[in-house]
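Below sits a lone chain in structure tokens, taken as the form predicted alone.
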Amino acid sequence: MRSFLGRDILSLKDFGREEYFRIFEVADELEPIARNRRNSNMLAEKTLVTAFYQPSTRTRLAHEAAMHRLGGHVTGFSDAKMTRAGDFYQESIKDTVRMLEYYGDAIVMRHFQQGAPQEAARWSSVPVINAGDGWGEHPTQVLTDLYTILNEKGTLDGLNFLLIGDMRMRTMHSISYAMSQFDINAMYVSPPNMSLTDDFKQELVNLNLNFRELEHVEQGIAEADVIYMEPVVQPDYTKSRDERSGKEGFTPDNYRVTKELMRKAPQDSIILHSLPRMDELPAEVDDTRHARYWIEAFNGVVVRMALLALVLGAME
């Protein structure tokens, strides 16, 4: 297994099975710090730089909270428009990162351009963590998803995943790469214009993932151990910000999970959603035994603690 020390976390495509379990092992070790709402001094001499060119609630704050829990420091920006990278000058990623690397020991970047974190890593002498790049990937979110599933189900093998939503989403790409490392059967449900592309399906075939596509969520709900959701009413992820126009419409029943529908699911099935949500997951589901998207918020801090500790050398 490759060392995580100084490593960029850009994609799950090149993650091996043992690397997932190493991250989860470290997460388990660090979890009591977050659970007890304490801070350690593990990264007391380190600083994390946040470079967020796109809006974020959970991902940015989870990284910042993780760094604080480990005793580290945080600097950076959450609105590129308030920087030279987003104002009149539109400073290049190269120029921006060549500066940011002097301000901290790792950079976590979200960007509306697919491949932007990879470009940043090309010019940075410190590790770069991909916090979501356009329609590309979102590795730290999916590591959080898998850690949640492992804690709730006790395994990542032998499970049936029902994935619902826009398959162009970066989370759908990362979760698909991740599933290929485990004994998981995947069922994808999406509108035709948001379905798996032929090129991506060929990638999944090459990765030996066992998957099939369904037209309606009801066709797979009875088999689903894990229901993994994203909206089909989406903003444009190739923009730095996409405001609502008031003409978004509603989610068709094919791609919604309701309290009534969950009566057809296995009793111990769980629902994950990276949030924010539209109407695809009504609030009526929140208090059912299936909902796990709130505990994901806590797990998101724990998993980022593990990543930071590994990448910055506090754990090996």
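These figures come from a predicted structure and were not determined experimentally. So that there is no doubt, residue numbering starts at 1 and follows the sequence shown.
Quick note: we don't show the form predicted together with a small molecule, though the next part is all about it.
Chemist: Is Arg58 a contact residue for the small molecule in the model of the complex, using a 4.5 Å heavy atom cut-off?
Modeler: Heavy-atom contact with the small molecule at 4.5 Å: present for Arg58.
Chemist: Does any heavy atom of His138 come within 4.5 Å of a heavy atom of the small molecule in the model of the complex?
Modeler: Close contact exists here: in the model of the complex, His138 approaches the small molecule to within 4.5 Å, heavy atoms only.
Chemist: Please tell me whether any heavy atom belonging to Thr50 falls inside 4.5 Å of a heavy atom of the small molecule, as the geometry stands in the model of the complex.
Modeler: Contact with the small molecule, no.
Chemist: Residue-level contact is defined here as any heavy atom of the residue lying within 4.5 Å of the small molecule in the model of the complex; does Leu275 satisfy this criterion?
Modeler: Leu275: contacts the small molecule in the model of the complex.
Chemist: Tell me the stretch among 267-275, 254-262, 29-37, 64-72 that has any heavy atom within 4.5 angstroms of the small molecule in the model of the complex.
Modeler: Flagged stretch: 267-275.
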